[in-house]
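The data below hold one chain only, encoded as structure tokens and taken in the form predicted alone.
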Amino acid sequence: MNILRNLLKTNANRNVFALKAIEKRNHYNDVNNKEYLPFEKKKYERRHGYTPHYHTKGLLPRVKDDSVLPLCSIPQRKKPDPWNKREAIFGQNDYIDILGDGEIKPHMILKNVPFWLRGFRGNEMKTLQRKVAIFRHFRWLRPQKLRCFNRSRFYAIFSRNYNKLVRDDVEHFVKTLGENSVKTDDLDSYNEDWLSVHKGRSSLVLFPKSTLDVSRILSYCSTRELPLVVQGGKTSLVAGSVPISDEIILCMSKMNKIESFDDTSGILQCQSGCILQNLEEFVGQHQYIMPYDLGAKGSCQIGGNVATNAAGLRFIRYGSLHQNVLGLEVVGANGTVLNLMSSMRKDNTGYDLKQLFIGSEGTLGVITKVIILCPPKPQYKVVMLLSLNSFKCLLSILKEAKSKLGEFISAFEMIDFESMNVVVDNLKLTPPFEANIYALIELSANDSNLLEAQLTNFVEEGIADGIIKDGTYSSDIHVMNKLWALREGIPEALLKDGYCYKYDVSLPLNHYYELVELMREKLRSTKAVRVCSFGHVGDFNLHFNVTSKQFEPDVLRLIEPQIYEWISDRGGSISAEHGLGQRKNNYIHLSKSREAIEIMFSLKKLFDPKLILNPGKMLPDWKKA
């Protein structure tokens, strides 16, 4: 009975609550003229003046006239093919660390493979592809990853156009050149550039000894469509002589014969593998000098110097290689030997074709012989080191030196205090005095009395005007070598700091040192150890350097590509004497017009239609793609 009584009481309460809900609903209907269900809470919705064109009554969205919105048909599911290549190799490395602790990853076992071919994390590749489609000059977005992406894209697009090196190819070269001219093991030193930054994975190095050997190699490579890269002393700062992928390396070191020298005219004929210092010593025995001098003269080769149009220390007096190279012998991409070996200083018959190969970085042909004009060796030489307060004082000294000592100047170098400090810290060399800016000047003449008199007047006037703070000069060979060691030891000393970011550029003199001051301030709060510069101020060439204990992406991101754009905006050149290689090729548009680049590609296709010579160097990848 108690259970029945409680049940009736509960039903009565429910009826009372239902009646109250109905009355409440009717009250709202009378006030707002709207229908509300008891369970709806539309009175709490806030639309803020916005009324949607559909409401959610029912299971599907409907418009106000209660008609169903049109829906697209669901596409039919395509059954994946489990036998395609992508599905077949998926998960093939999952067993690598099956019994370990998960620390070993598949990419760790990829030996002799560049880091930029080891894949991307997650959807980074797709992200980069979208950015490339939107931004043409996209390096500022993510410089390091985009650099890897550029190489991966280049490899993916162009490696399929070339044939892979097989055992039969190696056997052919052994039969043609001999076993001593073919190397297939211990190739790390040939695959790595001078800065140990760029590493290729070539499996074959060839050492030709004559023009005929080079012709046979190129003829075979053209027929088989095998890419190759020409390598000399490997002193390039832009990785122009090391492979990007697995190209054949054509090392010219065994083509090192001096063929002839004319004592009367000073004309030297030699093979392209001759080391610059050996040539300097040879012509010195005949009282001549080479028209250019480089800090890497102990290892660089004349063929590579010509291919990159290297300038060096004596440019201010003797000019560029375009002026001093009289003739070349070049082997084309199909093995054809192009004889341009005229030793005449005046030869006005047709196009001067040799000028195309000077500075071409091995992309048009392989230089095998060089004819170069050597100036007579001066009888008297003086090296002078000056202490200056500012770069403005250096410009004043340069102007006065050109005016009063112009016919004697062989070199005019600038060294800032940070560059001198790195020599002191890392090489333990000691400069004779301290300065904010150093000027290192080499003067040469045949009349020592005339040079001494004008030099003395020049120094005295500089001190009287307050431009020269301190200085020293000497004609003694040992003292001159010590003064030059302060300048030539800078590149070696910088590498001992750890990682070095090197930039070889040209700038108008009014913006020359402004770049250094700007970057020094910009990198002040980073992990950069030092920001310094030195250079051939006489020909506007600046060597800008930043060092850190190890590679720092944040430092690189603050330097590139902003430094190239800054230089371009001020009418400078992003490469002064080291070429473009594979580091700067995608920035060529900052120094050359689009029309000029189009002509360069036309020349490339004309001389090398199969693109086997030094692929991925000098010319931008995006245009090739």
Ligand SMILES: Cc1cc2nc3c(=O)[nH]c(=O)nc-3n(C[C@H](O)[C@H](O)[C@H](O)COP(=O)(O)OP(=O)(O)OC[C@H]3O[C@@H](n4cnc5c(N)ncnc54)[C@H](O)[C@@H]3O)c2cc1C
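Quick caveat, the model's predicted, so the values are computed rather than measured. Sequential numbering from 1, following the sequence displayed.
Keep in mind the form predicted in complex with the ligand is missing from the figure; the text below concerns it.
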| query | Between the options T547, Q301, S533, S202, which residue brings a heavy atom to within 4.5 Å of the ligand in the model of the complex? | reply | Q301
| Option touching the ligand, based on a heavy atom within 4.5 Å in the model of the complex, out of L340, L294, L187, V283 | L294
| said: Among the candidate stretches 523 to 531, 448 to 456, 461 to 469, 301 to 309, which one is within 4.5 Å of the ligand in the model of the complex when only heavy atoms are counted? | reply: 301 to 309
| said: When the ligand is placed as it is in the model of the complex, are Y503, N585 and P615 each within 4.5 Å of it, taking any non-hydrogen atom of the residue? | reply: no
| Might E247 be said to contact the ligand in the model of the complex, defining contact as any heavy atom within 4.5 Å? | no
| query | Quick one: is P491 in contact with the ligand in the model of the complex, heavy atoms, 4.5 Å cut-off? | reply | yes
| If you check in the model of the complex, is K234 within 4.5 Å of the ligand, heavy atoms only? | yes
| said: My question is simply whether W194 lines the interface with the ligand in the model of the complex - judged by any non-hydrogen atom within 4.5 Å. | reply: yes
| task | Could you run down 358 to 376 and flag each residue that has a heavy atom within 4.5 Å of the ligand in the model of the complex? | result | E361, G362, G365, V366, I367
